[in-house]
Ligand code: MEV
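For reference, the chain that follows is the form predicted alone, supplied as structure tokens.
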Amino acid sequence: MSGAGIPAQSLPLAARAPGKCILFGEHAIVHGRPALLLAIDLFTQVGLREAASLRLNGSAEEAAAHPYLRTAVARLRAPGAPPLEVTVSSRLPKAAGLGSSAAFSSALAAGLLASGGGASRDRLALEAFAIERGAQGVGSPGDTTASVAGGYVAVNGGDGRPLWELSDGDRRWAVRRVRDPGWVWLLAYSRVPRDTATTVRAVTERLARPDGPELLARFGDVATRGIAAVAREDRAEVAALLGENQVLLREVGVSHPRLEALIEAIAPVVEGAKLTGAGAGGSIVALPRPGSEVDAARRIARAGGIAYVVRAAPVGAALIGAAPTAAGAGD
């Protein structure tokens, strides 16, 4: 069982989904290697109602130009069904590596599936991934999986409860639950936007070099150890592995001077830190020393970043007003 599905609900309706943070394994996950992600308690909310024409936050032009919305409607709205007015509000910064597109795709898929008769959570995970892949053209299901599942999830690793499997024909991703240790995390946006698709393609080219297989194996080893360390609540090991993962991300060329400056700024008050997401801008994630969260956030602000103190979101994508299942309780 992978948790409660999305029930049928007539329009108008609203759904929401959390953003995500990749703790270990970004980029390597695209090539089927292990990764560990958590859904963060910053959410995107989507409202759906019938309308005379497809609109996004009141704009037909914005709707027509939005690849995620176009892909979702083409996949999940029945032919001949009335157009939709889609409204979106979000606490997630865009192009920051914190899953804004995954949260939108997951919440939108939940709403469309509910209006079409409901669906299992496995189907929701599949459709959210298809929407994001259709819009970006590259990537893995890690981001949307975390947004759909909530909590901590391991992809192609760990020994927790199985949730679902996804495939693009060439690669396969098996998703498992990882128990939430209850830790507080610090995320910091560098204010340097990044382009996931462009960065993923650049890393793929880098991994095609002769040392690419060795780099992928190192990424996989760090992620495998990281999954196990979180599961046993070993903060010291997790902190050390965050540093190891950052070294690898520098080697594949996706760090950035602004990210390095943020990591340096909080070093005295955190146990470990690394970039999170595609890199080349975007955000970092850090494990603050207990009681140092406010100090770390102030250091980020003084260094020019935007800080978010977060925990794992216990519930993934769900209809607002429905009774969702908390991560770990029903999956």
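If you're wondering where the values come from, they're calculated on a predicted model, not measured in any experiment. We number the residues from 1 along the sequence you see.
There is also a form predicted in complex with ligand MEV; it is not shown, and the following applies to it.
- Between 39-47, 292-300, 59-67, 273-281, the stretch whose residues reach within 4.5 angstroms of ligand MEV in the model of the complex through a non-hydrogen atom is 273-281.
- Contact with ligand MEV in the model of the complex, judged by any heavy atom within 4.5 Å, is made by just one of Val269, Val30, Ala265, Leu54: Val30.
- With the partner removed from view, the residue among Ala231, Ala135, Val200, Leu248 that has a non-hydrogen atom within 4.5 Å of ligand MEV in the model of the complex turns out to be Val200.
- At a distance threshold of 4.5 angstroms between non-hydrogen atoms, Ser140 is in contact with ligand MEV in the model of the complex.
- The shortest heavy atom separation between Ile22 and ligand MEV in the model of the complex is within 4.5 Å.
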